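One chain comes next, on its own, written as structure tokens: the form predicted on its own.
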């Protein structure tokens, strides 16, 4: 946008909406989030791992944190942190980008600190398998780890491309519940073939809100919904005015 005043107005609107909705949630107002079966299944993963003594595999994908695809990685890291805090044995984590290795290790460590189990944290269970330019090498390596008998679930949420086939096939061979999601259209299509718990498009970026349910996360998600409706309404109004010849 070339108009700084318009940018300032949009920022002010966003911040105002966020604060208003946050205050309502903090004061006890319940936000009715749209049910997403994938996140309902995801919330069951830690309890299942505690009951069975098995571990789940989790990957936030292979997008470095300095790339345009970083938001997908951040969403996956947020989901990893929430799951690790409630799980039993340390999860098996794989990443396909160098900057994601310390980020994933930190997410797991902070979760264990928050739950008072820092001594149980195992940084060695987070594996950097291949650089982002070698997706199939990464997928093959992750598939080997998913195939371990101790792995009882497969969660792949992040920037994941053609290697999603290898991850999903490994989970299917292991006969484990899978929650798969990506910002890549091809990977999303693959996800729907292998699991009923596919995370579609923008649903990926709502992971933290659905799992954490903190007032700030819920307010942020609802603010995005409101802004989306406002943008859609603006487009429809502009189209109607042009159709009526009231604007050029």
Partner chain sequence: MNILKRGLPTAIAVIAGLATLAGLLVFPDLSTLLLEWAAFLAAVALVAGILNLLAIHLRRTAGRNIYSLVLILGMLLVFGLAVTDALGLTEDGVGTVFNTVQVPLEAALASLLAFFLLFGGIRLWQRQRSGWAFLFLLAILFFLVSQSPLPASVEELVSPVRSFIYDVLVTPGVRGLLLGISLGIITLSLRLLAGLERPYSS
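Note that this is a predicted model, so its numbers are computed, not measured. Positions refer to the first chain, counted from 1.
Missing here is the form predicted together with its partner chain; even so, the following discussion is about that form.
- Though the partner is left out of this view, residue 52 does not reach within 4.5 Å of its partner chain in the model of the complex, counting heavy atoms only.
- Interface residue remark: residue 126 is counted as part of the site for its partner chain in the model of the complex, having a heavy atom within 4.5 Å.
- By the criterion of a heavy atom within 4.5 Å, residue 169 is counted among the residues contacting its partner chain in the model of the complex.
- In the model of the complex, residue 99 approaches its partner chain with a heavy atom inside 4.5 Å.
- Using a 4.5 Å cut-off to its partner chain in the model of the complex, each of 110, 136 and 231 places a heavy atom inside that distance.
- Proximity to its partner chain in the model of the complex, taken as a non-hydrogen atom within 4.5 angstroms, holds for one residue of 63, 58, 180, 190, which is 190.
- Shown without its partner, the chain has 195, 196, 200, 201, 202, 205, 208 in segment 195-210 as residues with a non-hydrogen atom within 4.5 angstroms of its partner chain in the model of the complex.
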